[in-house]
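Next up: a single chain in structure tokens, the form predicted on its own.
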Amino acid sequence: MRREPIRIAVVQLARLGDSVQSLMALRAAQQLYPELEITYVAHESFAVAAERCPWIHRVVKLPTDSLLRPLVNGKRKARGMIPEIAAWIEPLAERTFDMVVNWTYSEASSYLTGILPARVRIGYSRRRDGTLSVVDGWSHYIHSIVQTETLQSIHLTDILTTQLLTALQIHFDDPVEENDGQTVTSKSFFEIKRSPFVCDGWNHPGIRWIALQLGASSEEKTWSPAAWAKLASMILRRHDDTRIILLGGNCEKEIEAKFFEALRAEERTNGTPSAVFEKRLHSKVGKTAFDQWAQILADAQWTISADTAAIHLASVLGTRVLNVSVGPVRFRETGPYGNGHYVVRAPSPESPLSPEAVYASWTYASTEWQHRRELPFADHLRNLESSDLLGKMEVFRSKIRPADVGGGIHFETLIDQRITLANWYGQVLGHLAREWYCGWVPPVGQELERTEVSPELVQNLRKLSEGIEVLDKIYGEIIRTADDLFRKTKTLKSEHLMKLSDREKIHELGKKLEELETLSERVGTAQEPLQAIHRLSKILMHNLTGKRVSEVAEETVGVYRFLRIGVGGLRNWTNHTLGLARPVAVASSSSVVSLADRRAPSA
């Protein structure tokens, strides 16, 4: 039976990569709720991806040149542009939306969300008094954790998808059908105008094409042209069936020039005739509009790219991705989405990532059909005579988890390494978020291996255990005090006229709450893993909606009970990890003996 349309407006005013991830989440929701009528609001510079989605009902473009640029350049004042702004908003606001979703997650965009008429709002918005409003749980998580540069393990696409589906289920109805945990990537995601000719040999069945996307979302995340050139040289010299196509916008023309300069140097070093590379390498830098760019990414066998929209677009189009992760990139949050993609990076953002490391990762990934991933990556390096790379690179492979073990995407490591406290806590936060906002969790530590636990991590977790217990006790006392305040105030006929004894008691409880919150701040900021929970407490308390003291007290009880779930989860992870570090009992024919107590047999 056909259900009534659900009209939603999605505000996504960030860059193209963010837009593609938002579209992936919307596509997943639209597959479960076919009655969605989606109005998509985007910068005119980045609206083209949404315009190519036939399942988007309407695309509204924010005119960057006429509205934003004069403000940014200081040529016009905001007050003087009110008529133009109002004229742009008026068609959007002519009907009430069932839901407005702000996925830009900026304070500036929250004003637009607050203006648009809607029954339900998620993401950043504004109250009637103009203050910032962050009302839903996943927005609390983004505000307090994701936007504070804290490492966490849930992909942004999974966050947005879960946030939207949860809101639809709460405010409207259950979905029509389940999609059995399938990914949202699809070759039919976009309707693009295909060019009959890309370049010579493009459609030859015996040629394998690799798309190299030069440039990145920022300079610090950009791989050097010399590194790209050396990688291209290695691939072309060693794989006769492979050709390379270079991609990039007009802003990558300088990188392109430096790339070819470095490639000619590689040719001279290796004694390779220039004509060999010229016939097998084609540049489209600055020459492709969105449609042909998408066509190339869709038809290539591989896309190799740093942190840029190409990794998201290629993964949507079903092309395997090798993400060259350079600089301060949180790939677990924004890496390529789907099964079988690879991420390679240096052990630290400051360390250089070598072309040899990227080449080794690509050759391992592109021969999976042969070794079926039964060949350890370290053995692959030995076969390449590149074992010296082991301590100079990290390699991860993407995998969509089954729903019954947590769902979403996971990046499994292919090189054994010790886990840092920050990366350990990133796994913990992903687990806590599922418990907080999904209501269920996979087993604690299911993707944490014993070999990853270092003595340094054990030492840090033993210190953390003490802070966890102290913070848990403080939160428990806050709950009891706020509950006392709630019971004391809920029966009052007036909060202005009351007995002196009641006023004194309320004052006493309020002062105690203030002291406890000050103490919780001291404990919550003393150790890094506790800081995220403390920041979340500040966001939750800022967004209390009660008008009366009793209502605020009741909400405070709910907030700290919620936070205490997180503290409990953190305790479980700490105990589990410390348990992994204990000596392992091994079975012998006659007894079970601790490895720590085993002795070498006497001669």
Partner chain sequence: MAKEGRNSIEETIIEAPLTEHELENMLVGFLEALEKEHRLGLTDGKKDKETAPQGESA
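If you're wondering where the values come from, they're calculated on a predicted model, not measured in any experiment. Numbering follows the first chain given and starts at 1.
The form predicted in complex with its partner chain is left out here; the points below concern that form.
J.: Given the stretches 41 to 49, 546 to 554, 23 to 31, 567 to 575, which is the single one in contact with its partner chain in the predicted complex, using a heavy atom cutoff of 4.5 Å?
T.: Heavy atoms within 4.5 Å of its partner chain in the predicted complex occur in 41 to 49.
J.: Pick from Trp362, Phe377, Phe331, Trp293: which residue has any heavy atom within 4.5 angstroms of its partner chain in the predicted complex?
T.: Spelling it out, the residue with a heavy atom inside the cut-off is Trp293.
J.: Within 4.5 Å, heavy atoms only, which of Lys488, Arg121, Arg345, His143 is in contact with its partner chain in the predicted complex?
T.: Exactly one residue meets the criterion: Arg121.
J.: Quick one: does Gly248 come within 4.5 Å of its partner chain in the predicted complex, counting heavy atoms only?
T.: It does: once its partner chain is placed as it appears in the predicted complex, Gly248 has a heavy atom within 4.5 Å of it.
J.: Answer with yes or no whether Met393 is in contact with its partner chain in the predicted complex, where contact means some heavy atom within 4.5 Å.
T.: No, Met393 sits far enough from its partner chain in the predicted complex that none of its heavy atoms falls within 4.5 Å.
J.: Report yes if any heavy atom of His204 sits within 4.5 Å of a heavy atom of its partner chain in the predicted complex; otherwise report no.
T.: His204: no, not in contact with its partner chain in the predicted complex.
J.: Looking at the partner-bound form in the predicted complex, is Asp174 within 4.5 Å of its partner chain by any heavy atom?
T.: Flag for Asp174 set to yes.
J.: Under the 4.5 Å heavy atom criterion, name the residues of 152 to 175 that approach its partner chain in the predicted complex, in sequence order.
T.: Going through 152 to 175 in order - heavy atoms within 4.5 Å of its partner chain in the predicted complex - the hits are Thr162, Gln163, Leu165, Thr166, Ala167, Gln169, Ile170, His171, Asp174.
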